[in-house]
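Coming up is one lone chain in structure tokens, specifically the form predicted alone.
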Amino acid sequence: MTDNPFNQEPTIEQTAVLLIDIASALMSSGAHTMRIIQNVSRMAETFGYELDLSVFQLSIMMTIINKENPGKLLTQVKKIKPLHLNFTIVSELSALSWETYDKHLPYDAVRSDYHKIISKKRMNSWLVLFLVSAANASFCGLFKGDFTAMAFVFFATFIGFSVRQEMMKKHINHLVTFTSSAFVASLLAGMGYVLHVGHTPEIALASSVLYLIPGVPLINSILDILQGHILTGIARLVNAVSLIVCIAIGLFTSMLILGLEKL
């Protein structure tokens, strides 16, 4: 019996837990369904298994089957964590799946690399806050907003995104979070119109909520539908549309308070 853990054969239960954890991490980080299935199936093949994987909006169901003994199978179900976009994780897990397949990495090496990937520190929240604010102010400039409007958008985005970050840390419902963040950002940006500051306050108001647009869920929903994952695609599309409605409600509420509903 060897003391080297890398030479130990994993059980089907251990393999199933690792693969479904990887699938869940990909889903919650923003990967589309086909990418998840391809990456996890690639790893399973290396370990000598086949997979039947069903990906839904809130859960993943996976049946893992031993290639040499098809009667030996196991079904796992795992709840998916709330969407927390991180394309670094998606990219590195995809690369790990190819490395596993090409180099026939052992189970323990894959598990170790997986935990290293998901345990990496995210980008500093203050840096993210600054970059998102600068990007949204740039959108205002692209839409012909003047420097005053861009300054209002930067400040409004900074505060609105801060509200979103704090509400997400407290695990407040994401629909309430988006509505509140849109309301705060548009209320602050709309002050330029009320105070008659600058020449393009209406562009500042319209641009102030653009950082909330759920582009990734919209793109993933279309990809899923086109690739035949209809249920998941529709679920993602409904979720994205719900977020857009929440953004509109937050924006309209701030316009009512500022007396700009006829703008």
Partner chain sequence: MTTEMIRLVLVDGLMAAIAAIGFAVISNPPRNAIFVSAILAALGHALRFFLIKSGLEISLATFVAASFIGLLSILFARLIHCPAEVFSFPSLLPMIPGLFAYRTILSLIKFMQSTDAVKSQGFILDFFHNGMTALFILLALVVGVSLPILFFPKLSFSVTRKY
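Here the structure is a predicted model, which means the values were calculated and not measured. Numbering follows the first chain given and starts at 1.
Omitted here: the form predicted in complex with the partner chain. The next part is about that form.
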Open item on the list: Residues P10, A44 and H174 are flagged as a possible site; in the predicted bound form, is every one of them within 4.5 Å of the partner chain by some non-hydrogen atom?
Closed with: no
Open item on the list: Residue-level contact is defined here as any heavy atom of the residue lying within 4.5 Å of the partner chain in the predicted bound form; does L210 satisfy this criterion?
Closed with: yes
TODO: Mark S181 yes when one of its heavy atoms lies within 4.5 Å of a heavy atom of the partner chain in the predicted bound form, and no otherwise.
DONE: no
Task: E99 within 4.5 Å of the partner chain in the predicted bound form, heavy atoms - done: yes
TODO: Give a yes or no for F155: in the predicted bound form, does one of its heavy atoms lie within 4.5 Å of a heavy atom belonging to the partner chain?
DONE: no
Open item on the list: Under a 4.5 angstroms heavy atom criterion, identify the one residue in N86, Q76, S162, S112 near the partner chain in the predicted bound form.
Closed with: N86
Open item on the list: Just to confirm, with a 4.5 Å cut-off on non-hydrogen atoms, which of K144, K72, K169, K81 contacts the partner chain in the predicted bound form?
Closed with: K144
- [ ] Taking the partner chain as it sits in the predicted bound form, which residues of 191 to 228 have a non-hydrogen atom within 4.5 Å of it? Please list them.
- [x] E202, L205, A206, L210, Y211, I213, G215, V216, L218, I219, N220, I222, L223, L226, Q227
